[in-house]
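One chain is shown next in structure tokens, namely the form predicted on its own.
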Amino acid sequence: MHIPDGFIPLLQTIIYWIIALLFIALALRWARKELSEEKVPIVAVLAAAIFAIQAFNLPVGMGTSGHLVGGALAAIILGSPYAAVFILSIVLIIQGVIFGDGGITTMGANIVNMGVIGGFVGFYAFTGFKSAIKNPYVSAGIAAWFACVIPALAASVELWIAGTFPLVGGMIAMGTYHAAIGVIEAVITAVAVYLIWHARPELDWSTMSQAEAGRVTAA
């Protein structure tokens, strides 16, 4: 899902960078307000874990690949979609600049897809499913599946707009691979949420009242 340089025209990459920078600014505001000393190690562990799970790549064809995302995990554990933007931006910058995984010009698009779309879909899917089925761990798994598939579909649409992918073929390829990969991400996310919330119950904001949760998830 890491879009390399040259797959999107420069003018379009500038638009994605502007969107990404807007959300990065909001994520930095979240970090200044919410990152206490107790949460910093969690952020570091999540960043390292997401970096590692994204190393699991499967070739999709047409010059791109599929992999786990991790946006839902970050958003759910830390109680805000901006946490996913914050962590995924760090991960993607390191991957792109140091390891050449994903382009520099297209990094804005990658942050939008995995950090912004992945984080917001994962967080709000989790809150919605939890309200419906009352099980936070199953909800986390379902949310993680959507947060893997929808960013992949968004990337395929962006590549179609860029003239790189055919729309139908790209969506089928990216959607099919990430629907399968998303099952793995769902299991990993559900298990990770269970283990972290049992080890650090103070992080389990999902049991708070609506008003309390709103304060936790504010940017």
Partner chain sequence: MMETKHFVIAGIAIAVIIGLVAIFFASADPDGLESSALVLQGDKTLTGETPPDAELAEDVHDGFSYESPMPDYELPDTGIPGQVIAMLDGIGISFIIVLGVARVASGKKEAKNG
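Note that the structure is predicted; figures quoted are calculated from it, not measured. Numbering follows the first chain given and starts at 1.
Beyond what is shown, the protein has a form predicted in complex with the partner chain; the following relates to that form.
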Would residue 174 sit within 4.5 Å of the partner chain in the model of the complex, counting heavy atoms only? yes
I'd like to check something about residue 43: if you look in the model of the complex, is any of its heavy atoms closer than or equal to 4.5 Å to a heavy atom of the partner chain? yes
Would you please decide whether residue 190 lies within 4.5 angstroms of the partner chain in the model of the complex, comparing each non-hydrogen atom pair? no
Applying a 4.5 Å heavy atom distance criterion, does residue 196 contact the partner chain in the model of the complex? yes
Can you pick the one in 162, 179, 184, 153 that has a heavy atom within 4.5 Å of the partner chain in the model of the complex? 162
In the model of the complex, does each of 26, 79 and 138 have a heavy atom within 4.5 Å of the partner chain? no
Residues within 4.5 Å of the partner chain in the model of the complex, restricted to 18-37 and counted by heavy atom: 28, 31, 32, 35, 37
